[in-house]
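This document starts with one chain, in the form predicted on its own, laid out as structure tokens.
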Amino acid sequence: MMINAQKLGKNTIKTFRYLTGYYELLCYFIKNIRLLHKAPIRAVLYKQVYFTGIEALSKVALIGVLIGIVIITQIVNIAGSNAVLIGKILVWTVVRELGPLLAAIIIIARSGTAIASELGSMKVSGETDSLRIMGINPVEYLLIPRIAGITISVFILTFYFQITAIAGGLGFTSIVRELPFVQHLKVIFSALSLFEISVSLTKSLVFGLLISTVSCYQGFSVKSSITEIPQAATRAVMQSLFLVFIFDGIITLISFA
């Protein structure tokens, strides 16, 4: 099959433009993070944390418990009620991988599209231009608190997911399979090291920055047509997922290779 060089070149240029834009927006956020102390920007931050983090707690808890039940049930079916093995596999799967990854996927599905659509609508309706007329920098007022809020939410939801997956899964399995809950919980804590917690922390922070930066950039890149809004939301979801999986693999290879 012949390669369409023109199409390949356009896609390469577009990808490079996106990555450059993400990098510039992330650097802008880091340089201006001190603006979060301003009351109007801090208010937007609190609203974003509430929407992205607090309102998602019930859904994350339900998914966490179900994932924990599935994992523990499979382990018990394969290896029996070996407390040490169950503890190690739970740490390997839930803490190292599934916790940060699934929390990020939930945020992408729930908040990534919402943020991209919201910012795109504000661009189309002229709200960002109104902010400029009033002397308010729309990037500082709209993007910085959203990036910070999503990052904080991913960080919190990651550990919340891990706790619900382990405790909920063990609790349900201990009732159904009559496994000693306290004994298995002690083994899990003994198998959990500071290094693995640090890796999980690093992943959650990186994923939060990636999701928030991509979603805000795509939403803010909408020009003047309302038909661009769903396209921006789709790009925000797909590119966030792509970058999250790439950086998940990179961090895992660096940490455990």
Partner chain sequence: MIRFENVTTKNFDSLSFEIEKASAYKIITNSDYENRELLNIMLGLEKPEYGRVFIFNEDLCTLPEKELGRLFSRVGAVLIDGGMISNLKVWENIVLPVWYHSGKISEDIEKKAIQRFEETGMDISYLGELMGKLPGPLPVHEKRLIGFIRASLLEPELMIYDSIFEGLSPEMSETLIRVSGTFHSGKAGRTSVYITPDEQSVEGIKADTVLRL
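Owing to the predicted nature of the structure, the values given are computational and were not obtained by experimental measurement. Residue numbers count along the first chain shown, from 1.
What follows is about the form predicted in complex with the partner chain, which we do not show.
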property	result
The unique member of 136, 109, 176, 84 whose heavy atoms fall within 4.5 Å of the partner chain in the model of the complex	136
Candidate from 62, 43, 226, 205 lying within 4.5 Å of the partner chain in the model of the complex - any heavy atom	43
Contact of residue 97 with the partner chain in the model of the complex (heavy atom, 4.5 Å)	no
In the model of the complex, residue 152 touching the partner chain (heavy atom, 4.5 Å)	no
Residue 122, heavy atom within 4.5 angstroms of the partner chain in the model of the complex	yes
Non-hydrogen atom contact residue 131 with the partner chain in the model of the complex at 4.5 angstroms	yes
Stretch in contact in the model of the complex with the partner chain, which is absent here, among 114-122, 67-75, 156-164, 85-93 (heavy atoms within 4.5 Å)	114-122
The partner chain in the model of the complex: contacted by all of 17, 24 and 246, heavy atom 4.5 Å	no
Any residue of 22-40 that, in the model of the complex, places a heavy atom within 4.5 Å of the partner chain	38, 39, 40
